[in-house]
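Let us start with two forms of the same protein chain, each given on its own as structure tokens and named structure 1 and structure 2.
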Structure 1
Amino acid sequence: MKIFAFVLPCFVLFAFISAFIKKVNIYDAFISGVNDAIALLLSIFPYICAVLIMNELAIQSGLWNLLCKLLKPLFSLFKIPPELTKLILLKPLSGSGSLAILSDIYKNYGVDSYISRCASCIFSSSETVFYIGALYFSKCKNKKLTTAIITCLLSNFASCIFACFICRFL
């Protein structure tokens, strides 16, 4: 993993050197990039707010716990261990929340156990779907994302089944 520590600084250095060679006005170019970043941040902020408020409401109101209970039989049908239900259902909503659950699973079942390995695969193969969807489309006028979000949720679920299956052998 140590190689990765070198990649980023080298990449940035490369950016500066190549800009210097091409005789770009480096300071101005950097400033205009920062300018774009600030404009972008301002335009995505409301979307981040809305998504996080929605997620927090769903989690704290108990809606999420109910969904966990309802979906448990479905999960066991696909041979997903019931201990992983919470992680699978929280991952689309909250990155930091599911990270906390992942380390709980590690602590409770041992880092090298079957359940932990499944959990790691599930964690790394999915993303915070609602957040990414809202963010990527924040600047667009058309915000019809239903197909994309349904596809994402289905394929994340499929990869959970797949993860639990291959972790039996690997």
Structure 2
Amino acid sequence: MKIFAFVLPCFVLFAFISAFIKKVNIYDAFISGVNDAIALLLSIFPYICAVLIMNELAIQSGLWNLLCKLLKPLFSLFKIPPELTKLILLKPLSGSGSLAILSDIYKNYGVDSYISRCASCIFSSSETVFYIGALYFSKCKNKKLTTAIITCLLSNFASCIFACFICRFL
């Protein structure tokens, strides 16, 4: 396992040697990359800010609790434990928020319980759809993201169903 400690330093050394052989000015290339990164950050910041604000508004307004109550019967129909409703709803919006919910699930049910195993699979098999969508579509000229978001949310929900199905047998 100690060999993996050398992977990153070897990669950096390889990059320096490759740049030296190709006669690339490393410092100028680095500064150029930083300038491009700052421009990218400034262009996507409003989209990310909007997602974070909408997420916080939904939580503070009580919309999340209402959605959880409304969707519990649907989740029960698909054999998803109702304790996972908040995790499933928050994961497409916030990775850190869903990590906090996952930690609470571990604390309340133990790490080896069926609910915790399902929560772990759901957390690792889903993505922050709206955050990634905001990032990708901020640079895209075609802003028709409704189909992409709906497809991502449906596949996210399908992964939750499948995760709970698999965890029943583990």
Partner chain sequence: MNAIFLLFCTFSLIFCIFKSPETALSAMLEGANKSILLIFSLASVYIVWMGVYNLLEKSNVTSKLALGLKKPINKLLKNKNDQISKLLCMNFACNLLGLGGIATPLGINACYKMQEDNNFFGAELLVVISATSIQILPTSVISIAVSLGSKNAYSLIFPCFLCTVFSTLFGVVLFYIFKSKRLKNKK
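Start at 1 and count along the sequence of structure 1; that gives the residue numbers used here. In this text the structure is predicted, and so the values were computed from the model without any measurement. We call the rigid core whatever largest set of C-alpha positions still superposes within 1.5 Å between the two forms.
Note that the form predicted together with the partner chain is the one shown as structure 1, not structure 2. Annotation for residue 158: C-alpha shift under 2 angstroms between the two structures, rigid core superposed. Superposed on the core, the two forms differ at residue 11, whose C-alpha moves 2.8 Å between the two structures.
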